[in-house]
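Next up: a single chain in structure tokens, the form predicted alone.
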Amino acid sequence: MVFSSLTFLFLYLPVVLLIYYLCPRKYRNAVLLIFSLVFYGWGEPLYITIMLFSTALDYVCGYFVGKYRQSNVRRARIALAVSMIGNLGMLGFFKYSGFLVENLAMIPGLSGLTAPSITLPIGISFYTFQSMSYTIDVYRGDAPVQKNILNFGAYVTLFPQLVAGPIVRYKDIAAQMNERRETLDQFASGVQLFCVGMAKKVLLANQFGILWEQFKAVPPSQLSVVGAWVGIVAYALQIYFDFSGYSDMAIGLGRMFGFEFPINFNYPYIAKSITDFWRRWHITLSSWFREYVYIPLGGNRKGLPRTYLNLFVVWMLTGFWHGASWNFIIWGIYFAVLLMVEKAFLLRGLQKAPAWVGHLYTLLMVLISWVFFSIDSLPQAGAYLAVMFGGGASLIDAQALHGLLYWAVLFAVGGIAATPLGKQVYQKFLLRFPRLEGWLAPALCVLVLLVCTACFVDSSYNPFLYFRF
């Protein structure tokens, strides 16, 4: 089940909200747990067992970590190790075993190995990281032990951010799991944010996705230079509006149930450096790796060579987290190198240069990165990059011209929506006409709901890109 569907909007969500608010407060986490399992099992009932196992494993390990953290550190470390090995083992088996076997089969003498056919459970990369954060936070003393397994189960399976984030660390939400007070203002802001996210996803991301698929389907040898750029810009806008739209919907849904999830995107395409970009893009993933990998490795506290090594390890893992494929590993290493170069000297130069230089540099580097991210085959990705930088069949062709002219309005809207400009104009409009404030936002929400509903009925193209991670 996905948020941008008729089933979710007009059946699942109304039923969950009704039962949730009719139940006494002490049973609401149990209600969320049950309906979150229904949400996840809607498409993959078999893999509910994997998620339940991960939940039970970390609940038990967290209990023993908390019990022995001060009295017997060795036992606490063993419990923590069991949690991490169990979670990473499941993630490795389902997500990376096929990749490992495929690469081992390239070694002489092992060519007979056959990669297992294993379906990747939706959201396993997200909920295993969340679940692990609990035992780590308890071990560090950053969060209390959760003694109620239903509350802990609700945290792991919470359907608003279950399958594609944002990644919510346990210490950031522990108090909310036990004590939260839903308010009408919070609920209303959640509805508005959900509608903003749905508009991003349905009205922008899906349209850019259709355009990107048209250019991606053309062999690089037949692609024009302008066509290659139009295609990758379309993909850049698709993945931003797709993932940030989902995150907005998730955060909005969380508010409807009294939760405040961390922000996941902060206009990354206005960044002035790659360092700045990764403070704005998929913020919760970057925070997770910084908190649980980069800092424990030593961060930047052990000299420049060690800092570079730590950056390389973290970004290679970040790439690998996104998918069991060499293109994702190359994508991660690509950003590691850029961040090293910026840390060494480039960042200081960008800070002294005019702002447009940093913006242009960042957009160019990010667009190059999306080629590796979106095209699984490294030779195909290399061929596409070659076309972008002058190796096309022509400078411009009919397809590229059509993409520029026919989709010009969409690109203009997408470009504005990817910056704070639209929000600033809306806020200034309300300041100019304060009497509209009470009903304009609800009216826009109704309009978005009607238009998106029409799109659901009319179109079957509705992917969520990050569901595959």
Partner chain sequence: MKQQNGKTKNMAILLSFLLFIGGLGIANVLLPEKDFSATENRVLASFPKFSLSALLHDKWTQKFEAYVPDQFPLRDFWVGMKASFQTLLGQRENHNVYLGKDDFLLMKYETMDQKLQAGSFSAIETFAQAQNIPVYFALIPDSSYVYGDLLPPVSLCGDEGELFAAAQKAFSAAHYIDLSAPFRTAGQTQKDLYYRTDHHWTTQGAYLGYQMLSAAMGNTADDLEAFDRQVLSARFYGTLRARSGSWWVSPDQIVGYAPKTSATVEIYENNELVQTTDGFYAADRLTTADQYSVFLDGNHSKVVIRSGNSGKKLLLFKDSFAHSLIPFLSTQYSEIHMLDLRYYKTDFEKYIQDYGFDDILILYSANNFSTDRNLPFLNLKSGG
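Small disclaimer: the values here were computed from a predicted structure and weren't measured. Numbering follows the first chain given and starts at 1.
One more form of this protein should be noted, the form predicted in complex with its partner chain, which is absent from this view; the next part is about it.
Visitor: With its partner chain left out here, work out from 70-78, 186-194, 173-181, 234-242 which stretch has heavy atoms within 4.5 Å of it in the model of the complex.
Guide: Of the stretches listed, the one contacting the partner is 186-194.
Visitor: Name the single residue among 362, 207, 146, 133 that comes within 4.5 Å of its partner chain in the model of the complex, judging by heavy atoms.
Guide: Exactly one residue meets the criterion: 207.
Visitor: So its partner chain isn't shown here. In the model of the complex, which residue out of 60, 401, 50, 37 has a non-hydrogen atom within 4.5 Å of it?
Guide: Selected option: 401.
Visitor: Quick one: does residue 442 come within 4.5 Å of its partner chain in the model of the complex, counting heavy atoms only?
Guide: The answer is yes: residue 442 has a heavy atom within 4.5 Å of its partner chain.
Visitor: Is residue 256 part of the interface with its partner chain in the model of the complex - any heavy atom within 4.5 Å?
Guide: Residue-level check for residue 256: yes, a contact with its partner chain.
Visitor: Is residue 22 close enough to touch its partner chain in the model of the complex, meaning at least one heavy atom pair within 4.5 Å?
Guide: Because no heavy atom of residue 22 falls inside 4.5 Å of its partner chain in the model of the complex, the answer is no.
Visitor: Given that its partner chain is not shown alongside this chain, does residue 421 nevertheless sit within 4.5 Å of it in the model of the complex, heavy atom to heavy atom?
Guide: Outside the cut-off, so no.
Visitor: If we check its partner chain in the model of the complex, which of the residues in 394-416 reach within 4.5 angstroms of it by a non-hydrogen atom?
Guide: Sequence-ordered list: 398, 399, 401, 402, 405, 406, 407, 409, 410.
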